[in-house]
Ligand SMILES: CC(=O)SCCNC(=O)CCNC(=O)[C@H](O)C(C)(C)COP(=O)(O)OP(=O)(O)OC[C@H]1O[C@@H](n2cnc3c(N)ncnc32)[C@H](O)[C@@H]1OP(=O)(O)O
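Take a look at this single chain, the form predicted on its own, given in structure tokens.
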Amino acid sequence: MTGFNMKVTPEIEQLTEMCKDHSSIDLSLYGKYDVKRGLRDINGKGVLAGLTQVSNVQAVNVVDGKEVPCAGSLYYRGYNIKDLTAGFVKDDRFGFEETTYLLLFGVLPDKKQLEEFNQLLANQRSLPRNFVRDVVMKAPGRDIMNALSRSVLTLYSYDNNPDDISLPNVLRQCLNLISVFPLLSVYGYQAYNHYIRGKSLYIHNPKKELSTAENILRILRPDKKYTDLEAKILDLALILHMEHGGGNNSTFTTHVVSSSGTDTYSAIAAALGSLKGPKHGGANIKVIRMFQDMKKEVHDWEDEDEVRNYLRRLLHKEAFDRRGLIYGMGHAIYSVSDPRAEVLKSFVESLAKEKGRMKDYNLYSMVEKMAPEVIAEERRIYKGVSANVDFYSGFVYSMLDLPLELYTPMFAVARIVGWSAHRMEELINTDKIIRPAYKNVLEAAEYVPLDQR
């Protein structure tokens, strides 16, 4: 075989070793030159690279001049995420569209503004003529995130003014992408499910009068049916994933790429590539698969000793993927608690009861309580460990019967809002390309002519 289907040959493996030999850097040099690997210090605190008003992630309080870990808080444009979601629950209404308005424009809309904005998004919730047939269906992919990226880049060709980065034009493009991301994601899955897995093909049109969450469930399910609780919890999950500060990997990617002056479609496609990674948006899939393995290995799900032993085996690289990780535990910033996980968990039990999944819910609760204790016993940790949002989001998606292939795209459906807000912020405030420094640690070499090597 040649080209893209060429197998890894002994020659490729030999060249790989050569690459490793001449690319591996002495880890002690990172300490010598005070390089913050991953742009974070040993406690996980990020290097300050910019300013933002879009959101704030708080995990410490300053007491007597020292940072003290505290229960995590997340603020969207100054509003606590717990207060926002509690307001939507109290009024028994959907909040994705209202939160989108808040993140983009910095204020909460009144009723008239919200109605007009909902109508604006609804009117944009359609794809160009024959786009589904010519783009989504003709080249189905096994990875829906890659299919989503391809669709986004192809939409560039359908835009009459794609390269104009004036603020009104960029906002127009962002609103359009926010509106069609659910369609691109679900239709991409339906194409995969039909052409690659050989299942029936369903392409349902969205309804303008429905919310984003309702439309996702409507166009995904063959019978278009869903319960109000299902739609409200999906709406909640989307809100919690919409934004998480400027420093998370995909949002920082949006800032970096936007700073070059490129078009919106290229910036968002770059962010999608970042989110696809299992260390970022794909983490909840790892949680689901870890629990699937756990339920096979643990005979009695209510036996704390048996569950604890499995968690120890995970850390000792003796179970699941043998990476030594308990997925869904710990976060780069939060230590005491992840507020998104707390909000989501408060609604998971009601969905588990509706779906007859209480046995699973009790196992999740046990692991959430036990995992930090086991990690503290087995590892030297620099800050506290608690369940993150991925711990429960995968469980929620499984109860909503979302296929695994759509877990990360659902993250993208939400996070496109945050990316859009940060792209606008970057273009409004900064006219300087982002270019951090890398220090060369290799001595200069003298050129040797080919015939003398």
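Superpose the two forms; the largest set of C-alphas matching within 1.5 Å is the rigid core. So that there is no doubt, residue numbering starts at 1 and follows the sequence shown. All values derive from a computational prediction rather than experimental measurement.
Keep in mind that the form predicted in complex with the ligand is missing from the display, and what follows is about it.
Engineer: Go through 387-395, 421-429, 26-34, 62-70 and give me the stretch that gets within 4.5 Å of the ligand in the model of the complex, heavy atoms only.
Structural biologist: Contact criterion met by 387-395 only.
Engineer: Please run the contact check for I326 against the ligand in the model of the complex: heavy atoms, 4.5 angstroms, yes or no?
Structural biologist: Although the ligand is absent here, I326 would touch it in the model of the complex, with heavy atoms inside 4.5 Å.
Engineer: Is there a heavy atom of V89 lying 4.5 Å or less from a heavy atom of the ligand in the model of the complex?
Structural biologist: No, V89 is distant from the partner.
Engineer: Is K208 close to the ligand in the model of the complex, meaning a heavy atom pair under 4.5 Å apart or at it?
Structural biologist: It does not: once the ligand is placed as it appears in the model of the complex, K208 has no heavy atom within 4.5 Å of it.
Engineer: With the cut-off set at 4.5 Å between non-hydrogen atoms, does A122 touch the ligand in the model of the complex?
Structural biologist: The answer is no: A122 has no heavy atom within 4.5 Å of the ligand.
Engineer: Whether A283, G330 and R380 jointly form a contact site for the ligand in the model of the complex is the question; each needs a heavy atom within 4.5 Å.
Structural biologist: Answer is yes for this spot.
Engineer: Which listed residue (I203, A139, L315, M370) meets the criterion of a heavy atom within 4.5 Å of the ligand in the model of the complex?
Structural biologist: Result of the distance check: L315.
Engineer: Heavy atom within 4.5 Å of the ligand in the model of the complex: which of G78, P222, P278, G198 fits that? Just give me the one.
Structural biologist: Contact with the ligand in the model of the complex is made by P278 alone.
Engineer: Using the rigid core as the reference frame, would you say R312 shifts its C-alpha by 2 Å or more between this form and the one not shown?
Structural biologist: The answer is yes; the displacement is at least 2 Å.
Engineer: Answer yes if the Cα of G246 shifts by 2 angstroms or more between this form and the one not shown on a rigid-core superposition, and no otherwise.
Structural biologist: Moves: no, less than 2 Å.
Engineer: Hey, does V374 budge by 2 Å or more at the Cα between this form and the one not shown once the core is superposed?
Structural biologist: The answer is yes; the displacement is at least 2 Å.
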